[in-house]
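The chain below stands alone, shown as structure tokens; this is the form predicted alone.
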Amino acid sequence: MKIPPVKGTRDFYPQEMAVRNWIIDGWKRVSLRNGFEEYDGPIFEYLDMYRIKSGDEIVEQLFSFKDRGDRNLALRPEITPTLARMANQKINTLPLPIKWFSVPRLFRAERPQKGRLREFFQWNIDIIGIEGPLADAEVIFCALDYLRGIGLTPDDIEVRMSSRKLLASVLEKIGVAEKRLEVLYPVLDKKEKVPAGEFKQMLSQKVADGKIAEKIVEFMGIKAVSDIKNIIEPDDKVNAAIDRIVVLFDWLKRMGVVEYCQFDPGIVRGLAYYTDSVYEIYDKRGELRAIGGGGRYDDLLKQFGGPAIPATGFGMGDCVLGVMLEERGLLKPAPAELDYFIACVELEQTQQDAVKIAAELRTRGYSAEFGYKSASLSRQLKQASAKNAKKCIILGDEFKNNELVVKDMVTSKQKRIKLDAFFAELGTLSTAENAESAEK
């Protein structure tokens, strides 16, 4: 009986693994050049940790289980709670600001669909300890630094940005009681995800006053911060929130990425822990869910038993990103390359020598392979081409005199050289050169 993979998970054959590595290596490379350090944590945590952040309803959205000690645990659906726990454990010794990134494997008990699976990888970057909009701008810039680097332009994607503080202050000005805000946020977060009529119906169930509901819809439809005055008369709280988002846009302009960014008060982010700036990155064609998103969560470390320290960050999953890049023809993982393939004209006579030469090449830092079965030279050369070998070492009659034939697989030029001279000329790759070779 053939056993299929569990629904919502993926098998990574070498071709798929190359794509996965291309995406993740890009995330890591961009994170490091933007000054972020890598971290990771356990693949499962105490279930209560996720309840603190998201409430009891989170239990239905993740994979939970009891261990042998009858403790309630869960496979991590996200890494931000782990980050908060780790930061709190050493908050008095960690230098601030904390600029960390991670690429965890995550699990969510969701219905699989296009761009959404039960198991996936997610790029997370966070800055802890900086209160002002510059930290938010740096996080957004880092995301865009990666996305534009792989060929996505302002015609392809946009960062839709808003502010929880702005939303809260405007809603209160419109007439929504402060205690009703947390109940209302998850509904407002559905605005771009459901048809307009369905959204209005959902809103009417939470806001009985029709005029207030109309004002909310009107506010969430504006496209510029300056249009807020057409909805309400701004007070000090509204103006303070406006000033902050204006400063954020100013930083993004200085960083050269503001053309990707659009003010959109319809961006709410459903999770309750966001405190100020929020944003989501979208495919402009509108065919996919958000590529990524994030915002400021200044109270989260305190909720996890630590001090009140400002924090901001974002996450980007590999599933939606992979679908979009494939549809745009932008998935460009480099094919695996081999430095040397060793072909044996007479396998029985030279295989031991081929193995010895391959081992020496590998010891010196070069990648090398050889054939396991007897085959014609032309077939072995095809094997070398299939493996993207740069050069092919041919062990033929010449090897009786300790000579190799080295064939350049790109130019087809070949030369004879003594084995000792070959290795003397070759030398040994340094660690740095090896890393550079792998990068290429």
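The numbering used is simple: start at 1 and walk along the sequence shown. What you see is a predicted model, and the numbers here were worked out from it, not measured in a lab.
This protein has a second form, the form predicted together with a small molecule, left out of what is shown; the following refers to that one.
**Q** Counting any non-hydrogen atom inside 4.5 Å, which residue from 346, 198, 110, 227 sits next to the small molecule in the predicted complex?
**A** Looking at 346, 198, 110, 227 one by one, just 110 meets the 4.5 Å heavy-atom criterion.
**Q** Tell me, which of 174, 258, 150, 319 has a heavy atom within 4.5 angstroms of the small molecule in the predicted complex?
**A** By the 4.5 Å heavy-atom cutoff, the listed residue in contact is 319.
**Q** Any chance residue 134 has a heavy atom within 4.5 Å of the small molecule in the predicted complex?
**A** No - in the predicted complex, heavy atoms of residue 134 and the small molecule never come within 4.5 Å of each other.
**Q** With a cut-off of 4.5 Å between heavy atoms, is residue 78 one of the residues that contacts the small molecule in the predicted complex?
**A** Flag for residue 78 set to yes.
**Q** So, residue 370 and the small molecule: in the predicted complex, are they within 4.5 Å at any heavy atom pair?
**A** No, residue 370 is distant from the partner.
**Q** Check whether residue 122 has any heavy atom within 4.5 Å of a heavy atom of the small molecule in the predicted complex, and answer yes or no.
**A** Residue 122: yes, in contact with the small molecule in the predicted complex.
**Q** Can you say which of 309 to 317, 153 to 161, 335 to 343, 209 to 217 gets within 4.5 Å of the small molecule in the predicted complex, counting heavy atoms only?
**A** Of the options given, it is 309 to 317.
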